[in-house]
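Here you get one chain, nothing else, as structure tokens; it is the form predicted on its own.
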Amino acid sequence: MEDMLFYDRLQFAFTITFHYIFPQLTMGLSLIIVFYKGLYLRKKLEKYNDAAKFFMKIFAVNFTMGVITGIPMEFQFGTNWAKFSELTGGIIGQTLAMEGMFSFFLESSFLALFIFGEKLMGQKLHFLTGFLVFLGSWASGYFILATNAWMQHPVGYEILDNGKFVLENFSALFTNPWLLPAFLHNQMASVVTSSFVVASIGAFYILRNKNIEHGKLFLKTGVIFGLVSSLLVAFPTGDWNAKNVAKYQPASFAAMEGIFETEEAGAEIVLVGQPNMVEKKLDNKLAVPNILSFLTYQDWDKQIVGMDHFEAEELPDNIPALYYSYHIMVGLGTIFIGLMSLSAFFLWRKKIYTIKPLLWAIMFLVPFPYIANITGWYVAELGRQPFLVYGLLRTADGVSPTVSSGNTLFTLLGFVALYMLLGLLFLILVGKTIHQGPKHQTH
């Protein structure tokens, strides 16, 4: 049973990690595309229209890959996690169906119209199709986050005698106190990824002395959007999320902050340290006293309970992975704020286009927002363990008893091989699009 659970979790972790490479770019990029198209309508400069259509090509490739890699996850609910689907399908089926029916079809339909329908519709309707693509992509994120929020903090449910969860209050799904902070944090994080991609393409063009006009435009856009979104990821959305975890999942909060023992006075914030699970402490710890209590409760001396306050079965089952994921996410977010602040300063001084070390840094840091986004999701999912529905349904009780660990491992190896090919194809297609550059459209 332990092997079965391990491979089921490993397969889902792999498929969802690879899948989330794509929607985190499309959600943020759709906003930047609408921004460019809106600038074109206002200023009538062709470079803005070229930029919107150029990034919509990259959006389309990402969207296609997101659809391809998202389908296997849906099937896993019925294969590897059949018991979970049977017990909770009456609730999570609502939001997942709405995501598919409303968001996906809205996004895909108007994506095609934006790419192929500009001359037929005219510029105002073309802008509208781009806005509806943006609306669909963000609505998709909202419905997915509504599903996850219910699993993190279940509300509006009733449990029948047969163990099935049924929805007692539909509106509770969308007024869940977990949902709005998680959604805003997730969307701002996706804008960070998109901003770095846009800025890095601009830096690439400037360093190669190619498509200079568009390169400067992309760099300026990426830096401005990147600075604003990086700050919003940290505060208020990140702060709001952390306070939710402290309130509703205190054991997870203690684990991700590395608090092994409850302190009588205020809790310190750990900057550096390695969890020692044998001695129940942090090795090589570098911490600042009382800061965590102030950030969480605005009280320097407020007590925050440590992991010693909880029974072993209440704690996350992989504390080191949760701790490191959280600190990687926070550490990278801090680097992003620093880099984008520095870039914005030189942009304001109109010197950024000539500072090659900074351009190289922007270009080569582009993978790290992806890492920060994925580790952020690891924090959410590892923190919820050992539950699928927090406090109500344990992960071990949600697996399919008839699917062997051998079958799961075999299909996992198949996914790895297939996704390597898809990843290579994705890099080739996006690389070719970037190499061609934004082509000026003659009318």
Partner chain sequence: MEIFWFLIIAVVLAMFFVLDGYDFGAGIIHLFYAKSEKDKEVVAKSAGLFWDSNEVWLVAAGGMLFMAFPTFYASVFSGFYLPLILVLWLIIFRAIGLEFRSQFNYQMWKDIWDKSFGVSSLLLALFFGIALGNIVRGVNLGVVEQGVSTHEAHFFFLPLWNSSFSPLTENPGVIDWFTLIIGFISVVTLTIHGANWIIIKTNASINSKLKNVIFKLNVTLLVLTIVSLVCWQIVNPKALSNFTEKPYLLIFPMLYLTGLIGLFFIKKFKKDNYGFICSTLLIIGGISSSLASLFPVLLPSINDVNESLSIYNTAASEYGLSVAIGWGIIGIILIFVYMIVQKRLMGGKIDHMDYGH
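Please read all numbers here as calculations on a predicted model, not as lab measurements. Positions refer to the first chain, counted from 1.
What follows is about the form predicted in complex with the partner chain, which we do not show.
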{"item": "4.5 Å heavy atom contact with the partner chain in the predicted bound form for all of Pro72, Leu113 and Val403", "value": "yes"}
{"item": "Contact stretch among 317-325, 346-354, 265-273, 85-93 - heavy atom within 4.5 Å of the partner chain in the predicted bound form", "value": "85-93"}
{"item": "Heavy atom within 4.5 Å of the partner chain in the predicted bound form - residue from Leu207, Met101, Ile212, Val288", "value": "Met101"}
{"item": "In the predicted bound form, the residue from Trp360, Trp300, Phe235, Phe170 that sits within 4.5 Å of the partner chain by heavy atoms", "value": "Phe170"}
{"item": "Residue contact check: Asn176 to the partner chain in the predicted bound form, 4.5 Å heavy atom", "value": "no"}
{"item": "Heavy atom of Gly414 within 4.5 Å of the partner chain in the predicted bound form", "value": "yes"}
{"item": "Proximity of Leu421 to the partner chain in the predicted bound form, heavy atoms at 4.5 Å", "value": "yes"}
{"item": "Partner proximity in the predicted bound form: Gly338 to the partner chain, non-hydrogen atom cutoff 4.5 Å", "value": "no"}
{"item": "Stretch 105-132: residues contacting the partner chain in the predicted bound form, 4.5 Å heavy atom cut-off", "value": "Phe105, Leu106, Ser108, Ser109, Phe110, Ala112, Leu113, Ile115, Phe116, Lys119, Leu120, Met121"}
